[in-house]
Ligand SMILES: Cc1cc2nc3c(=O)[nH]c(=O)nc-3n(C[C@H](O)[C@H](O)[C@H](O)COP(=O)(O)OP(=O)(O)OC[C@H]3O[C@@H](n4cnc5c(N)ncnc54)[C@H](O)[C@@H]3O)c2cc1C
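What follows is a single chain, given as structure tokens, in the form predicted on its own.
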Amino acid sequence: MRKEIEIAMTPKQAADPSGWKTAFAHVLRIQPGRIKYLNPLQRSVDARSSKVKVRMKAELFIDEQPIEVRKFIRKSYNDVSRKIPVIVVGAGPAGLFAALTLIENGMKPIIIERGKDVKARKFDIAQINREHIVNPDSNYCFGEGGAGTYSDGKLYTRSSKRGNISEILAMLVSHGAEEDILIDSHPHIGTDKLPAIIAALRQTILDAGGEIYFNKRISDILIQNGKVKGVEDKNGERFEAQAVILATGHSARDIYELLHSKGLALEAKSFALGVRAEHPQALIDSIQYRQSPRDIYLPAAPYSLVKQVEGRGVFSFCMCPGGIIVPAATESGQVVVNGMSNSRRNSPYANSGIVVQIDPSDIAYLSEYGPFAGLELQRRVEDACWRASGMNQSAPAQRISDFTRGVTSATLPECSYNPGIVPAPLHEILPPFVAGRLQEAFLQFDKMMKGYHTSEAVILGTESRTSSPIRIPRNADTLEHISVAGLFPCGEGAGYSGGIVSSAMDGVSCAQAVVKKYRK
């Protein structure tokens, strides 16, 4: 007999898979030996009462074996080295999963990445932290694996209608991710483990006959008679194909400028901008779990906050329990911050982006920049933070309690941000329509999480790369650019996803659209 059931476990029970059958058998009032196979489906922490539980949903086979047990082994693909080539610009999740989908369908991906491979990229990231030097082609945003590789590897998405989330997760598991990501309600790989998984994905693509080129920044998209013909890199090397999947990420501003210079349509879209807030993890644990210290079998507590302030959403973004804050600038002359966690999430700090939704109508005073108005706002704030930092990668910072009062902090608490923090009036640096909403939101958040608004917490500027302020418009049916046949804008940089999983799913969709049109 097959049965699906959800039960509540103690954190200790949930942490020990060897005892799961016993826990389910107890609820069903049967002997554990009658459960021949247990397939965990979902696991989540339930902290709604004072006694924190873990809810576990599983598929059980009682008195019988399942017909088939799913195994997560790396697929072996047919050789595509002589098949129809498709250029994929960008080796982030959208580009990598587009390439894998092309291979599955008998087409040859040629991936062109402006940054370095995932291993070499680590040295440029270390240089930002230690020497405040930003390589504009290899940093936290650019390089193999994309922005998520060295900034956390969270896999949570609400975009279930865009594709098969489970297939994306299964592909990651077959390349080295823990199977826990298949059942956790907020799956997370961790910055310490994701690089090896990305390298394994690369090897699968190469083994199947795909090509990958690093350190090649695209300087031109070749178009003739309204059809794409290929791309050219900054050194004049050309790559030709009938189809180009453009998966360059939300910070590839030069690509937007290239498209605009060629007369291709771009659209302004809503985005978000704000700060990154950091609290002691023990404080967040005590608020969320109502216990201090937290149970050793419970994970570092996360939170999710959202509030409407003067008609705009103010919300937490990319929350990193047990994490650290990292520098995410993509060129000198700007300070940008982001957050990340390793797989164990064992840092003494919890951080999250706290950002304000910005609609194009909010920045009408920048209308002279056309579709680049949002990008201009990002640049102005990033530049102001750079100047406030002392013109290096130190971040301007303020205690939350001082920020809401509108005073510069005399002192700052300890912070995980490696390049360092300096006291600065973020309430003046941020645009008034952003700062004012943040000040009100922090007070409101304290009513939702008593103790959140505290002098122990610090905010850093600026969290400006939550998403792209520009969309590259595409045909809803073919997914091609509205005016160029064969050009497929894809992922976060095109304005159609946000995060690793939704970007991967959009990469799959764009590759399927290419296959539908060109494979004959």
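Throughout, we count residues from 1 along the sequence that is shown. Quick caveat, the model's predicted, so the values are computed rather than measured.
As for the form predicted in complex with the ligand, it is not shown, yet the points below apply to it.
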| property | result |
| --- | --- |
| Distance check, residue 249 to the ligand in the predicted bound form, heavy atom within 4.5 Å | yes |
| Contact of residue 397 with the ligand in the predicted bound form (heavy atom, 4.5 Å) | no |
| Residue contact check: residue 113 to the ligand in the predicted bound form, 4.5 Å heavy atom | yes |
| Residue 218, heavy atom within 4.5 angstroms of the ligand in the predicted bound form | yes |
| Interface residue in the predicted bound form among 430, 147, 335, 350, criterion: non-hydrogen atom within 4.5 angstroms of the ligand | 147 |
| Listed residue that, although the ligand is not shown, lies within 4.5 Å of it in the predicted bound form (heavy atoms), from 421, 89, 198, 441 | 89 |
| Candidate stretches 350-358, 370-378, 240-248, 413-421, one within 4.5 Å of the ligand in the predicted bound form by heavy atom | 240-248 |
| Site check 142, 154 and 499: each within 4.5 Å of the ligand in the predicted bound form by heavy atom | yes |
